[in-house]
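Next up: just one chain, as structure tokens, the form predicted alone.
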């Protein structure tokens, strides 16, 4: 286990180093950030002074090394647009994105696993056919269209739920949460469904396919021959073995939910990191864009490590210390 963790940590450092270099190099050529900082009639001499103060005149390798050195100490630089530390801006928006991602993931896993099991155990019935049709619709519609339809139905037509914003929040230390207020919980409903619907249909289809495959295996036939109760066979044996690939997909999808919440946050004007990243792209705010991609990379590698460890919890036969685990 220790050797496995050390290997993963070294791989993580390599991945983050590569992401940092690629992100900074790529965004270095999307535009001149000085144009976003100053007005059109700013004198040329002042523009030159600003470029020098930001270090934009230095060679690109020097800028990358300087940036990576600051990142290693937790300093992501100063936002060109907001003139504030990027780390403070991300920390301010992080709770909103994580709460939205958490609710979307709970929705996707909860409904996806249940509906997948039901469609597998009731295969050939009208209910299973209906669930498959719903899953096809959910996996085919783009996220922004789902969000707009939900806003039209539940906000504009029925007036049940808010169409934008995070609602009232409560600050606990350095964390702001909407879980403790009614308006905060109501504001979470529509964006959580929008963000989690694609993941839910994906989990549902995966669980159904894996469940049907497991139910055809020899040990399930043997369990039936032994006279075990149907519920014990389905949930004690079949579902447990079905969850192995589900854990992998769920882990990767959680990272995707956080990384690609940009569209959902934009549709619902959700004050999270994705919305901040979109503003940074529009204003060529390189420090925010590079820091966001680095943070997403950290989330992905952390989730991948957690998924590998969870394998042994679901199936102890999988040993992380084996050569194949690396």
Partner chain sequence: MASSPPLPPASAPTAVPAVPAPGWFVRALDSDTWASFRRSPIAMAAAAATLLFFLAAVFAGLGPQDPFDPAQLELMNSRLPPIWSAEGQQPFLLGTDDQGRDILSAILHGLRVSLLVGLLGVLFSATLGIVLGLLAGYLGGYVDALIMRIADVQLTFPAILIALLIDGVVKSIMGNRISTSAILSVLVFSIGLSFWVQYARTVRGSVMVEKNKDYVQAARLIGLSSPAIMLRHVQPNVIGPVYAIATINFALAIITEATLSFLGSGMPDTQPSLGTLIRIGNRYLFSGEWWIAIFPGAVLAGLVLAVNLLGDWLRDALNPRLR
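Residue numbers count along the first chain shown, from 1. Worth saying up front: this structure is predicted, and the values here are computed from it rather than measured.
The form predicted in complex with its partner chain exists for this protein as well; it is not shown, and the discussion that follows is about that form.
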From the candidate stretches 88-96, 117-125, 185-193, 151-159, select the single one in contact with its partner chain in the model of the complex, where contact means a heavy atom within 4.5 Å. 151-159
Using the partner position in the model of the complex, report whether residue 281 sits within 4.5 Å of its partner chain, counting heavy atoms only. yes
Tell me, yes or no, whether residue 130 is in contact with its partner chain in the model of the complex, where a contact means a heavy atom of each within 4.5 Å. no
Although its partner chain is absent from this view, report whether residue 256 comes within 4.5 Å of it in the model of the complex, heavy atoms only. yes
Is residue 56 close enough to touch its partner chain in the model of the complex, meaning at least one heavy atom pair within 4.5 Å? no
Of 280-297, which residues get within 4.5 Å of its partner chain in the model of the complex if you count heavy atoms? 281, 282, 284, 289, 292, 293, 296, 297
